[in-house]
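Shown next as C-alpha cells: one chain only, the form predicted alone.
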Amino acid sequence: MWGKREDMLVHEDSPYNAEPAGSALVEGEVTALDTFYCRNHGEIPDIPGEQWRLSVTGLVDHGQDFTLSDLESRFETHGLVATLQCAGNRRAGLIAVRDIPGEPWESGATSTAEWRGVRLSDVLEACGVHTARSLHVEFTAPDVADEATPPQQYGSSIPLSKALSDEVLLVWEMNSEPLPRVHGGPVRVVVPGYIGARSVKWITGINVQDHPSDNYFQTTAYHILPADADLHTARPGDGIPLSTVALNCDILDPSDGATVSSGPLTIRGYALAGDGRGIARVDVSLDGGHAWAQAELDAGQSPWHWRRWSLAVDAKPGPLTITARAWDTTAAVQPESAAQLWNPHGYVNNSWPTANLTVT
C-alpha cells in the first residue's frame, strides 16, 4: 500500500498510519521512501502539482498566491537532511504502564530524509512579513480529520522566529524523488527540530498572525496532559503544548525479544536531540544500568537529523537485557522510566529503551 514495504506495521488503513520495524531503520542514514513512517489524521488528498496553490495572508505587506513553478523559479533551492519524529513514537511503552487510546506506535515513528525545496523565510520575506513583534505562522491543509472536535481540516503553527530560521523549508522533493503524495506531495513544510505534527503536509495556506493556530491539533490534540486528566473533559489549551522534539534514543537492532548467537554482537540504534541541541553521548548498559559503556557515534550530516550509534559486545549464553540512554549538548539526559512519563495522550516517551534478548 502507498508504495511501502510489505513488512510495515500498519496501525490503520484509512487514514493510512504505518511504521517500519526498528531493524529496517538501521539500513541507511537516510530512510528509504518505502520505509519512512506515515502519520495521517485524515484521508490523503490528491492534488496534481500543476493545480497546487499556496496562499500567504495575514500580517504581511502584500499577500500572494504561489504555484509550484513560482517557488521553483523565484527562490533559491536548498537541500537538508532532517529527521521527523511523531510525538506518539514509542507510545507502546506507555501503554505497557497503563492503557491509552490511539495507535500503539513502537520504535518506527521516526525517520530521516533528504528534503529539497525553498526556505520558508524567503517566501515570507517576499511577502513583506511583519517582524516587529512576537508573531506566529499558521499552516493549513485540505485533509479533513474526523477525530477533531469538531471535524476540521488539519492545521498547526510555529513561532515566527522558528519560521524565519534557515532550516524550515517548503519542500517538493524527498530523497531526490518528487515528494510522494502519502508524504505530503506536491508540497509540504518541514520544520526540523519540532514534532512531526508541525511539518504540515499538502500545505495550501500560510497565515501570519499574533497568536498560535486555533486549530484542534494545535490547541487540544498535541498537548501533554497531567496523568490524572480526563480526556473527555479536557478543554482547549489544557496541558503543555508540544513543539520541540524531546531528547530520545532507541535500540533498533537487535530487537526486543530476539534470539541471538553467543559471541560478538553489535548493538545499533539512533539518538535525536531537539531544536538547537546536539547529541553528546550515548551510553549502553548490559546489567540493568549499574555499569555503562559509551557507544560509538556516527558523524552527523546536519544538526537536524539523528545520530546513529553502535556498540560491539561479547554476548554470553543466557538472558541479556540491553539498556541505552542519550545525553545532549546541554548535559540533559533521558528520564529512566516510562512510568514517570505516562500521560493520557501517550506522547513523548523518551525513557531509557530496553531490549530483552535470549543468547544461545
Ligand SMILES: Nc1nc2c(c(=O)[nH]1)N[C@H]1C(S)=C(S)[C@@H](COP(=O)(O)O)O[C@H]1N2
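The numbering used is simple: start at 1 and walk along the sequence shown. Please read these numbers as outputs of a predicted model, since none were measured by experiment.
Below, we turn to the form predicted together with the named molecule, even though it does not appear here.
Asker: Look at the stretches 280 to 288, 243 to 251, 261 to 269, 140 to 148 and give the one with heavy atoms within 4.5 Å of the named molecule in the predicted bound form.
Answerer: Heavy-atom contact with the partner occurs in 140 to 148.
Asker: If you check in the predicted bound form, is residue 107 within 4.5 Å of the named molecule, heavy atoms only?
Answerer: Judged by the heavy-atom cut-off of 4.5 Å, residue 107 is well away from the named molecule in the predicted bound form.
Asker: At 4.5 Å between heavy atoms, is residue 305 in contact with the named molecule in the predicted bound form?
Answerer: Residue 305 lies outside the contact set for the named molecule.
Asker: Under a 4.5 Å heavy atom criterion, is residue 36 part of the interface with the named molecule in the predicted bound form?
Answerer: Heavy-atom contact with the named molecule at 4.5 Å: present for residue 36.
Asker: Do residue 41 and the named molecule come within 4.5 Å of each other in the predicted bound form, heavy atoms counted?
Answerer: Output for residue 41 is yes: heavy atoms within 4.5 Å of the named molecule.
Asker: Identify, from the list 118, 163, 86, 94, the residue with a heavy atom within 4.5 Å of the named molecule in the predicted bound form.
Answerer: Partner contact (heavy atom, 4.5 Å) among the options: 86.
Asker: Between the options 197, 158, 169, 113, which residue brings a heavy atom to within 4.5 Å of the named molecule in the predicted bound form?
Answerer: Of the candidates 197, 158, 169, 113, 197 is the one lying within 4.5 Å of the named molecule in the predicted bound form.
Asker: May I ask whether 66, 130 and 136 each come within 4.5 Å of the named molecule in the predicted bound form, counting any non-hydrogen atom?
Answerer: The answer is no: none of the three residues contacts the partner (heavy atom, 4.5 Å cut-off).
Asker: Taking heavy atoms and a 4.5 Å limit, what residues of 144 to 166 are near the named molecule in the predicted bound form?
Answerer: Just 154.
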